[in-house]
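Just one chain is shown here, as structure tokens, and it is the form predicted on its own.
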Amino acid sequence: MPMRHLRHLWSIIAYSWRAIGPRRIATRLLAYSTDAAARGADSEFDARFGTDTTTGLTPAEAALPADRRRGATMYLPSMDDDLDAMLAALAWPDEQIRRATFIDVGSGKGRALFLAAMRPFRATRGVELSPVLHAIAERNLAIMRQHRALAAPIELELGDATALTVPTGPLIVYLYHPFREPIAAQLVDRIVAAVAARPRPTAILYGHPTLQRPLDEDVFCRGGLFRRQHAGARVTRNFRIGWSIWSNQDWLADVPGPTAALRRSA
């Protein structure tokens, strides 16, 4: 086995031991090893476009700052069907989609962002802390533009989720388990503050990989703006790979004042 493959394997073992824990690894390893669909990350996206979005990278391999690695998770690509299922369950009208910005926080190599940009969003944006993943995403974006496969404007930002600039207008924030609770809480606080100041339809789409413990639901309820609107899962032989949608539609309905209807559609 080439040395780089050995280093990658060791990095994954070290990451899994710390992030997932030896007990969970021990109790679920057999189920995971016999479930190809649960392990799968290749949706044929790369084969279709010639991009590089499939291979996972640990926080160390992604060259995240040392003080952020413990709070980060391993890059794994979203599956096309999972994102399709979330957007279908969200069921925003076409007119609202055309006025909305889609932000993938922890956008990695860009697969979910590119899938979103194939839809008629007003804008799409990826925010990634890793310079390694960001550089790969930029190369992938150039390929996608050559294919003329994108319907929406797209922007890649090398930046920190805790300093996210929240755009105006309807907003969809996508999280594929990019970090743990402390960073997620800071991100949600920024979204809550921005949306409370300028009320508009907002949703957080959250998915998580097979073996990792999902974020505590209390993270999404911070500030009282969001409630779980939908939940679902991709079912494999031994696992339910879950996702949830957190929306502020109930909060918007209670926004007082004569401009409440305008705010709900802003």
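Just count from 1 along the sequence shown to find any residue number. Quick caveat, the model's predicted, so the values are computed rather than measured.
A second form of this protein, the form predicted together with a small molecule, is not displayed here; the remarks below concern that form.
Checklist entry - For Val219, is any heavy atom within 4.5 Å of the small molecule in the predicted bound form, or not? => result It does not: once the small molecule is placed as it appears in the predicted bound form, Val219 has no heavy atom within 4.5 Å of it.
Checklist entry - Quick one: is His177 in contact with the small molecule in the predicted bound form, heavy atoms, 4.5 Å cut-off? => result Within the cut-off, so yes.
Next on the checklist: My question is simply whether Phe121 lines the interface with the small molecule in the predicted bound form - judged by any non-hydrogen atom within 4.5 Å.
Outcome noted: Although the small molecule is absent here, Phe121 would stay clear of it in the predicted bound form, with no heavy atoms inside 4.5 Å.
Checklist entry - Does at least one non-hydrogen atom of Pro170 fall within 4.5 angstroms of the small molecule in the predicted bound form? => result No, no contact at 4.5 Å.
Item to check | Interface residue in the predicted bound form among Ala194, Ala149, Leu76, Leu90, criterion: non-hydrogen atom within 4.5 angstroms of the small molecule | outcome: The option sitting close enough to the partner is Leu76.
Item to check | in the predicted bound form, the one of Leu156, Ala161, Ile136, Ala117 near the small molecule [non-hydrogen atom within 4.5 angstroms] | outcome: That would be Ala161.
Checklist entry - Looking at 198-206, 219-227, 26-34, 64-72, which lies within 4.5 angstroms of the small molecule in the predicted bound form, counting heavy atoms? => result Among the listed stretches, the partner-contacting one is 64-72.
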